[in-house]
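What follows is one chain in structure tokens, specifically the form predicted alone.
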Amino acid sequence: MTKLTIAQLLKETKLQQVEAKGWVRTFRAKRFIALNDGSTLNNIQCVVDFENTDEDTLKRITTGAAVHIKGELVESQGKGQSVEIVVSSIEILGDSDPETYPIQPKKHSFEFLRENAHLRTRTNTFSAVMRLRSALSFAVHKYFNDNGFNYMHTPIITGSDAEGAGEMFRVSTLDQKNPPLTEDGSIDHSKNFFGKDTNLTVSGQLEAETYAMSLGKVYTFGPTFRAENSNTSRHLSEFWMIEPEVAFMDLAGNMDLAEDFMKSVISYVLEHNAEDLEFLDQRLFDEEKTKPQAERSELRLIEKLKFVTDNNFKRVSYTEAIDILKNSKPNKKKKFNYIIEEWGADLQSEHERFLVEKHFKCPVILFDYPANIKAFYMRLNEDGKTVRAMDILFPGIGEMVGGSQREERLDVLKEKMAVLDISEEELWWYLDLRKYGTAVHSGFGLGFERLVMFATGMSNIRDVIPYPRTPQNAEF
């Protein structure tokens, strides 16, 4: 007897005796079980001979129950599937209380499903989203492996703040009620577990740079943390970051790498996850129809993904982008929420989307940003006021990737750190890279959940990670 996943069974052409294990989605007329095992969006229909099945077993076949079915794979008599299983025996592996089981065969709000995140992947939407998340993760590793990158595990506990944001989670073993104090009354962190003040990392970039300057090409893909008290649909306190770093690569090479990478991972899911994408495409289309015309997206989900894979990314300087935005109709008619008045403005999502969706009609890479709105480690241009930074902008979401050529000159880096009051003592090892064999090098960062949002069409970041961590919420 053949043991196959439901995804395999639905593609099977050989009619034979089979086994299937999964969870009951629905059981109707005491005869038809819709069975799903997570391998595919689609259920397989299992036809029970209720006249030869005892009443107790029939009562226990309820939504959510796990079952082991044996039977014959036959051509389906109904619509919607090519094959079905005529059941010869059924074993109930786990009961499901129909009165309390929360994932009933009806429409549930995403908020309700977040409250039941341990069960929400039993719905079509979330099983599709999480299969796509898995596929994208594989595609990331595959791309870097195929292109000669070394995978680096950067520290989760760190004494440095790569972004200079200060919004970090502290790691401490000190007694919260009675911590040791210094003579001036402040907490004595020398008595802490690591002998210093440490935090959960916001980025693995600085450590990745150190390995790039010996291994050449490295990337990180791991959890990062931000203690920002934000409850927006685009922020998490725990999220995953992809951060490649490459020695001897300038900003132009960095843009080439980022464009090729983004096209590759999106092409992978277009090729390998068509079924889930088609379902999510239709889900998003139906959702868009309920919105006012002005708020609807001009592109459907799959069109949006192909918009990225099928177009060359337009490279535009920040200065040129500011001129375009200043002279645009939305800006002149004050339709933007944030009016662009002068060079130096920090662009918002509405500006980024205008450049992509309305002006250039293709993905855009902005480069050479004002130094005072970018991080200290970005390479200062000869004009003294811009840095070799780049952001990649996508339709519907705005900024997707942020990166730069890194500042390789010791004296310039020290000057920038002094202006921003960043301690040389804390980052002595980072400065060493500029003392011993310094060279041009570049890299970028991509928030993985933002990529999953783009690929699935989900509008809330809490719905693309298994168990979201947000202010006042660490359930599960």
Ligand code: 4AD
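Residues carry their position along the shown sequence, with the first being 1. Quick caveat, the model's predicted, so the values are computed rather than measured.
One more form of this protein should be noted, the form predicted together with this ligand, which is absent from this view; the next part is about it.
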Non-hydrogen atom contact N273 with this ligand in the model of the complex at 4.5 angstroms: no
4.5 Å heavy atom contact, G402 and this ligand in the model of the complex: yes
Proximity of Q205 to this ligand in the model of the complex, heavy atoms at 4.5 Å: yes
4.5 Å heavy atom contact, Y369 and this ligand in the model of the complex: no
Selected contact from F376, F110, Y143, F239, since only one has a non-hydrogen atom within 4.5 angstroms of this ligand in the model of the complex: F239
Contact residue in the model of the complex, chosen from R122, K306, R226, K217 - any heavy atom within 4.5 Å of this ligand: R226
Within 4.5 Å of this ligand in the model of the complex, all of R406, G443 and G447 (non-hydrogen atom): yes
Stretch in contact, per heavy atom within 4.5 angstroms of this ligand in the model of the complex, of 381 to 389, 197 to 205, 280 to 288, 96 to 104: 197 to 205
